[in-house]
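A single chain, nothing else alongside it, follows as structure tokens in the form predicted alone.
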């Protein structure tokens, strides 16, 4: 059995769905999860996009919001469309990068996603992020070493073929999208 790498972006609606479910589903499957925050912005820019495909293509955006409502209802997850989309998840991603391997990382990730997609809070707000982690982790997030690690993580995502979020990697096998979580877990369990 191999670990499931969960690659997520804090501004991603579908990453919210996956983040709220991945740990329980992986535990039930007996598959360890490795949490991998990264930034989609640089990857989108290399594709020639100036923002989220959901804002660049209005029909796609309308579909996504309705899809999120249906999926969250089906999963029993709260959801409120943020008043600003996409929100800047850079500092939150730096905190998550600094906290690699910490026991509290999954709960921090879920709290940030809830702040954005349930409570409609600005996830770039330093006070909010300090309350969700601590001043110490906020300081670690701003260290040059952490910034470099997040840049390298984003480059690694691109090198490994990741083009959207959420993405799941089992070794070099890529599964893209919240709807591929079960398939990725099955692949991890069987390999």
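Residue numbers count along the first chain shown, from 1. As the structure is a computational prediction, the values presented were derived from the model and not from experiment.
Heads up, the form predicted in complex with a further copy of the same chain isn't pictured, but that's what we're talking about next.
When you look in the predicted bound form, the only residue of 152, 142, 125, 67 with a non-hydrogen atom within 4.5 Å of a further copy of the same chain is 67. Screening 90, 99, 115, 71 for any heavy atom within 4.5 Å of a further copy of the same chain in the predicted bound form leaves a single hit, 71. The stretch that touches a further copy of the same chain in the predicted bound form, counting heavy atoms within 4.5 Å, is 56-64, out of 142-150, 129-137, 32-40, 56-64.
The three marked residues, 49, 175 and 179, each reach a further copy of the same chain in the predicted bound form, with a heavy atom inside 4.5 Å. Contacts of stretch 150-170 with a further copy of the same chain in the predicted bound form, defined by any heavy atom lying within 4.5 Å, are made by 161, 163, listed in sequence order.
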